[in-house]
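Just one chain is shown here, as structure tokens, and it is the form predicted on its own.
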């Protein structure tokens, strides 16, 4: 049987809160020239490419490397979107970093001046000749020409580290995988698939952690939405990282962004939907929604702990979510089924990445005053 506990945290009528939120968040002005610019910050191996596929698919067309260009290009281009990998703005190649003794996570190993100049040019509608960092050879290949798109997405380790670049984003997302989950994932991959020892895996993680903590992790404070992946709380002392607790942390008052919510906006809700309408094997599924603070700022939080047994039953959960920016009933479920074989597709990772993509689509429509047609 489904169970829910709810406590109201705001006495104002829901309709009044919605009107106030709409007035606060929607910027009404003439359609802007130049691309809408979206940033995604995350550590290596945290699922940025899967996130990008989910997001860009909402705008139509398949995202592929530049036609006729370098097959090792990191760039993905679709009908309206261009995704740039910020590894292309490394200052040195692999041998250069060996000489400097610095990792690719260190800010001194990033060419922020070039990144700023080229993002600014793209924002102004100009084409740029962008470097290509070849991950196979570890050297820079000849530059590729990038035209200014409708939607420019920058993904990588440091999209928000340089203030000049950070100020050009229309929306900023941080994909935050906890140390415990990273460790569990790396053990599963490197021990099972690559034959690495547990000791070598631990040494690799510990060697990288100080630079991640100093140079990558602080960008959370600048992000509008943080998708946080944590160990489950449904299984005591779980260390396998197979069942996940995922939180979508959303800042209040972000322009052109209205945070999705569960059941009743402004309330605090804990919901266990397992029952006749949602199949849940052990340890079940639990949702949470409520207000919080993050880096001293007001946020609202959506949380899912557990995973779906039958992904098509997500539509039951979807029907209880509001402000999702879907264009038709069941669009979230449709998108999740579209990528059901991808990582995180049966848990909150895929759910909140999909929700985030829908909010980006709405934000683009508001800023550009162009409608994206969704296929039902």
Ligand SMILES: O=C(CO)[C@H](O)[C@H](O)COP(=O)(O)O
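Treat the numbers as computed from the prediction; the structure is a model and nothing was measured. Numbering follows the first chain given and starts at 1.
If you look for the form predicted together with the ligand, you will not find it shown, but the lines that follow are about it.
Taking the pose of the ligand in the predicted complex and superimposing the nearby C-alphas onto this chain, the site is open, with no ligand atom within 2.4 Å of backbone or C-beta atoms.
This chain is drawn without the ligand; in the predicted complex, the residue among 115, 146, 249, 104 with a heavy atom within 4.5 Å of it is 104. Interface residue among 209, 97, 123, 166, judged by heavy atoms within 4.5 Å of the ligand in the predicted complex: 97. Figure note: of the listed segments 87-95, 250-258, 295-303, 273-281, the one touching the ligand in the predicted complex, with heavy atoms no more than 4.5 Å away, is 87-95. With a 4.5 Å cutoff on heavy atoms, residue 227 does not count as touching the ligand in the predicted complex; it lies far away.
Of the heavy atoms in residue 157, some are within 4.5 Å of the ligand in the predicted complex.
Though the partner is left out of this view, residue 174 does not reach within 4.5 Å of the ligand in the predicted complex, counting heavy atoms only. Using a 4.5 angstroms limit between non-hydrogen atoms, residue 44 touches the ligand in the predicted complex. Applying a 4.5 Å heavy atom cutoff to the ligand in the predicted complex picks out 133, 135 from 128-151, in order along the sequence.
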